[in-house]
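Take a look at this single chain, the form predicted on its own, given in structure tokens.
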Amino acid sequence: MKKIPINCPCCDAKLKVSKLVCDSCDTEVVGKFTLPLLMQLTVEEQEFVLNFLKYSGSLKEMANQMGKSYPTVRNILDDLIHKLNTFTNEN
């Protein structure tokens, strides 16, 4: 499955969804919709969030599974929190 682009390939501006289609009945909804917050993250960041939930927020367990130190995983989380805060301040 192809990754949904989040930035314009020409000017790097944030893209918006303009059309949703029902596979069952072919109903189409057209407009300008902002991508959900988590879809605006990179694939790696999305995987980090999913693992964070999977391990019940245990950074120690995530560090073990990722083969990284606890401080490294904590820094990744802090960077992600900062990025999400930036997104919410833009909208």
Partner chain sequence: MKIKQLLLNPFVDFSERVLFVVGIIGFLFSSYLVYLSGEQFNGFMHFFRPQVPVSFITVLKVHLYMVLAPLILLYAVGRMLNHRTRIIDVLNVILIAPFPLYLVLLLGKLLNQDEFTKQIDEALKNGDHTLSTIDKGQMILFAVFGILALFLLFYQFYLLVKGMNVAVNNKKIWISILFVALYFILDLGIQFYF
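Just so we're clear, the structure is a prediction, and the values are computed from it rather than from any experiment. Positions refer to the first chain, counted from 1.
Note that the form predicted together with the partner chain isn't included here; everything after this is about it.
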| item | value |
| --- | --- |
| Interface membership of residue 83, the partner chain in the predicted complex, 4.5 Å heavy atom rule | no |
| Residue contact check: residue 18 to the partner chain in the predicted complex, 4.5 Å heavy atom | no |
| Close approach of residue 74 to the partner chain in the predicted complex, 4.5 Å, heavy atom | yes |
| Contact of residue 67 with the partner chain in the predicted complex (heavy atom, 4.5 Å) | yes |
